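Two forms of a single protein chain come next, each set out by itself as structure tokens; they are called structure 1 and structure 2.
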Structure 1
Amino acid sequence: MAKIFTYITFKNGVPDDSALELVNAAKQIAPDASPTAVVVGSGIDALCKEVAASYAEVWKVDNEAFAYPNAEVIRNVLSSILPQECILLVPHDTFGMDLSPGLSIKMDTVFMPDTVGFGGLEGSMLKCIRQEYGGAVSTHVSCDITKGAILNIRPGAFQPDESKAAAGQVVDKSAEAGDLSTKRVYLETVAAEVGDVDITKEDVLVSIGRGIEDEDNIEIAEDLAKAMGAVVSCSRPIVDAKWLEKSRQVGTSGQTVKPKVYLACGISGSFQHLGGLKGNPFVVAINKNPKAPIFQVADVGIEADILDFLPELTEAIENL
């Protein structure tokens, strides 16, 4: 079995939730797998120690050149330090989509994007599970991993490994980083505009999607949010229609939120939307389409038209 590595993404010195999810993704490939984490950044000693709580071994590549994650130079680093024919798991976020295709070419290995599960390993053939048409169809794709593989894993597709019992060691690979030159030049980070409400700090979100149908119907969600002591957020179609401001959008192109309770009202559940949902919240999905992908991740699923259901729920909560 090829050695399995995971690429750890982080922000402000804090590892992304995907760091723990990739542990279980590796174990689904091989139940006895003990993956090695790879952390590339600048001034990352404390970060690596935190990651080592969940990994038996952490490879650290520390250099000022990595103060901003540049996929072009990190591809060179990974192709220099990773052994041939290994399996690398990468979060399927915007950075992972930039990093992985070119890395697979440099390492002459197979690349599989947006993987949500694995169906078993037969010889050198690994069955990867993906979703098509907004999650309406699951596809099983067999990959020949004889020469290794770069597998992008959808954030949230695997439960995080919360055990943190590894007490692993940190191995400094900085001297093996190789060529750090790059044609890309980091200019600046543009912070998202702050709206009247910061949804990233809310414990309860009532989130609306296409199922709200009309801008005037948003009042229904606002009434429910008021009754619950919550805030209204939304998926991208609502922002594209200019019914709510961008600061209310949850998703990979919007805000990343970590509420305790998340009501997904009339939201289909695309991976772009779910990519903005972190922290393992209690998810309640309300949708009139019983095949909506959101039901696959929901703790409670309710098949109903939100225009009928939300007012009834609001009235029931107010009566309590």
Structure 2
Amino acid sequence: MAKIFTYITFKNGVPDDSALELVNAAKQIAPDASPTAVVVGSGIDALCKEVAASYAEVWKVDNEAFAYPNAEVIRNVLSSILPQECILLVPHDTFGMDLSPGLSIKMDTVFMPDTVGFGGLEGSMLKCIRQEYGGAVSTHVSCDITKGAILNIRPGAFQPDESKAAAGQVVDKSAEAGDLSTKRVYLETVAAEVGDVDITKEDVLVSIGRGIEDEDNIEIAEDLAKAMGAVVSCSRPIVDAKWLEKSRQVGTSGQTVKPKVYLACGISGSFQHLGGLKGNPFVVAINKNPKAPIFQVADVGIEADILDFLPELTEAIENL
């Protein structure tokens, strides 16, 4: 069985939640797996020590050149230090999406994007579970790991391993980092704009998606929000169409909200949208498609056209 490695992403010296989720992902590939964590960064001793609480072995690659993670450089690092036929687990976030497809070509292995589960290993055939069409259907996908594999793992899809009982050792691989030159140079990070309302602080959100169909219909949601004492938030297509400000977008590339009540109106329930919904709110989904994935995660579902249903609900609340 090929050795399993995990790639650790972090921010301000704190490992991402995925660091612990990947331990369990590895164990679902092989129950007795003892994966090795790879940490690439600058001044990362304390970080590596923290990661070593959950991994028997941590490979540290420390260099000032890694002060900001540049996928192009890190592809060179990983293909220099990793053994040819290994399995590498990478979180499927904006960095992992940037890193992994090219890495699989560089290392001449297979690539499995956005994996949400595993269905067993038979010989060299690893069965992976994925989703397509924004989560409307799932697939079993086989992956031939004879020559190793790069597997991108969806954040939040596996339970974190909180045991912290590994007391692992840190191995310094900095000297083997390889070529650090790059044709893509990081300049700066521009922070997201602050909007007129802060949806992250609201208890009740009336959230609209592509099902609202037209800019003029946004009023319908605003009227309902007003009646409920709530605020309007939205999914990404509404922001892409410039119907609402970016600061109203819920999701991995928008805001992380923690309301008590969330009304998802005409939202299909993609993982990038749900990734911004935290704190276990009471979710009501209103959608005209009874098979919309959002109904799998909502507490209460209503099969209806929001353009008809929301005005009725508004009127009834106003008459209370």
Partner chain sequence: MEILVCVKRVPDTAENEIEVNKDGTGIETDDLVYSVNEWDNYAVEEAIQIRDKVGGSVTIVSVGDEESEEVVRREMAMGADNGLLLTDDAFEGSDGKGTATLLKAVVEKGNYDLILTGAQADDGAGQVGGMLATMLDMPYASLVNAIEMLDDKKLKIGREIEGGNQEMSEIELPCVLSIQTGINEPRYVGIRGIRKVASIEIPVYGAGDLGLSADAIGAAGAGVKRLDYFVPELGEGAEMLEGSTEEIVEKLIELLKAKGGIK
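Numbering for residues begins at 1 and runs along the sequence of structure 1. As the structure is a prediction and not an experimental result, all values here were calculated from the model. Note that the rigid core is defined as the largest set of C-alphas that superpose within 1.5 Å between two forms.
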Output row: form predicted alone located in structure 1
Any CA movement of 2 Å or more for Gly301 between structures 1 and 2, core superposed?
yes
Any CA movement of 2 Å or more for Pro281 between structures 1 and 2, core superposed?
yes
Displaced residue check between structures 1 and 2: Glu202, CA, 2 Å or over, core reference
yes
Shift in Å of the Met228 Cα between structures 1 and 2 [rigid core superposition]:
11.9
What is the C-alpha shift for Gly269 between structures 1 and 2, rigid core superposed, to one decimal in Å?
2.7
